[in-house]
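Have a look below at one chain only, the form predicted alone, in structure tokens format.
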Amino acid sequence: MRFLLTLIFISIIAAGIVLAQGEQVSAAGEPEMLISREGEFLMAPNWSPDGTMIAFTHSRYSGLYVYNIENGEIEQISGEESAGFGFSWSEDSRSILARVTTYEGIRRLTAIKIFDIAEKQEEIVLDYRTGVSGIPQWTESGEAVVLYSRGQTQLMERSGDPQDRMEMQTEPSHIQPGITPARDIELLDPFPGEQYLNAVTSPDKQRIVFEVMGGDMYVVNTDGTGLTNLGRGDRPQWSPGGEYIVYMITEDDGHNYTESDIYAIRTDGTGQIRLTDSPSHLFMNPSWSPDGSRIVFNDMNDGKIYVLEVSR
């Protein structure tokens, strides 16, 4: 199953602080514990685009929570299974898009939901059913959701009857006019036969970083050009200005993780730097703050979420 699905947008969204060419990011101190809950294991933190909140999940990606940076309060958004796997913020930081699961006997049912943080409401954009395997993604406008699953692409509008807001195509090159005018969907396949993981579009929507299962991380332009090998790493995320990728490198003994630290590298594959070096921790799942000043991640040893100040 390939998750390397990219939306080619007409407009380019300006984002954050742009790192000047040649500047080097570095850790400005040691990681500090930011979020913890007694008796609970927290993981996969993700900064909201406006920088005011951090969403995260529990062990096994169960449930979805939001931490308010200003007052330190934590609000549960969903208690459903798998809600924390592959979730994403809307550009306006009002909503979170997530794939959730439930069971009827041995049957696994999956739905796609949008959780409105401000209104404390949820909207089902794809009702519970079997056979849903992809990770949903926002379109540029935030008015629709795209899901690439089992060789088919679904476009789900956020209004109207659920059966009316889906258009499904097999191996599509374009969404039909009248569904979302002037928006193309391209499927990139730079390594035919390989499986792609954790694909993330750059802040300016012009590049994608992704992993090849069992291989390295890569950056590629959305038109398929400029393929660049970034070397070994997992769970890549963009810096706000799009010059750096933050990611983790892990070691294991075949059963358990034995080491994990956070690294950053320029998108041309140069300037790799190790941001954490903590043998007693297993730091994973980094997410860069929108202002570029901090990186948040979780520790798979103690189940807490940490933040690291970075400088240039």
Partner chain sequence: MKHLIQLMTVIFIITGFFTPAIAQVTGLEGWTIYLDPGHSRTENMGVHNYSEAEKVLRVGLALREMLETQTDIDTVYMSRTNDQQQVSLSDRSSHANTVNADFFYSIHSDAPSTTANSTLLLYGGWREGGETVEKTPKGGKKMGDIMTVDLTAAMRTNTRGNYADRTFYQGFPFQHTNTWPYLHVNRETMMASVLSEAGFHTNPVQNMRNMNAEWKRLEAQSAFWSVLTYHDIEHPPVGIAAGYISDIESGQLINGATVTIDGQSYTTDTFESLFHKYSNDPELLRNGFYYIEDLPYGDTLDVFLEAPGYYPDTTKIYIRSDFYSFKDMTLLSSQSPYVIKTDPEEGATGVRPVGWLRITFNRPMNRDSVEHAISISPEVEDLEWLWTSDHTQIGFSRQLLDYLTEYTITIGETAEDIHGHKFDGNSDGEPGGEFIYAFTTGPEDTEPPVLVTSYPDFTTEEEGISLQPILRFEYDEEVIEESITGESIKLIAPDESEVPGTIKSYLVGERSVIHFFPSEDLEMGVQYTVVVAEGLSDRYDNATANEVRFQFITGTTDIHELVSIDNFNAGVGSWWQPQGSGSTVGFITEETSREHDTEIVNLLTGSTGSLRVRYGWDIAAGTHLIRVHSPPTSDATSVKFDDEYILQAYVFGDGSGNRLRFVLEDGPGHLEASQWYTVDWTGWKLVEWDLANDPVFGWARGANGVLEGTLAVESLQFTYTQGSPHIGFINFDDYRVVKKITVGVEEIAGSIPVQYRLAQNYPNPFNPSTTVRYSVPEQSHVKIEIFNMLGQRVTTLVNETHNTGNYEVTWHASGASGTYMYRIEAVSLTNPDNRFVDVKRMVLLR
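Note that the coordinates shown come from a computational prediction; the quantities given were computed from them, not determined experimentally. Numbering follows the first chain given and starts at 1.
This next part talks about the form predicted together with the partner chain, which is not shown.
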property	result
Stretch in contact in the predicted complex with the partner chain, which is absent here, among 218-226, 117-125, 74-82, 202-210 (heavy atoms within 4.5 Å)	74-82
The partner chain contact at residue 234 in the predicted complex, heavy atom, 4.5 Å	yes
Residue contact check: residue 134 to the partner chain in the predicted complex, 4.5 Å heavy atom	yes
Non-hydrogen atom contact residue 59 with the partner chain in the predicted complex at 4.5 angstroms	yes
Touches the partner chain in the predicted complex: residue 94 (any heavy atom, 4.5 Å)	no
Heavy atom within 4.5 Å of the partner chain in the predicted complex - the one residue of 50, 40, 32, 268 that qualifies	40
Single option in 153, 110, 139, 88 placed near the partner chain in the predicted complex, where near means a heavy atom within 4.5 Å	110
Residues in 87-122 with any heavy atom within 4.5 Å of the partner chain in the predicted complex	99, 101, 103, 106, 107, 108, 110
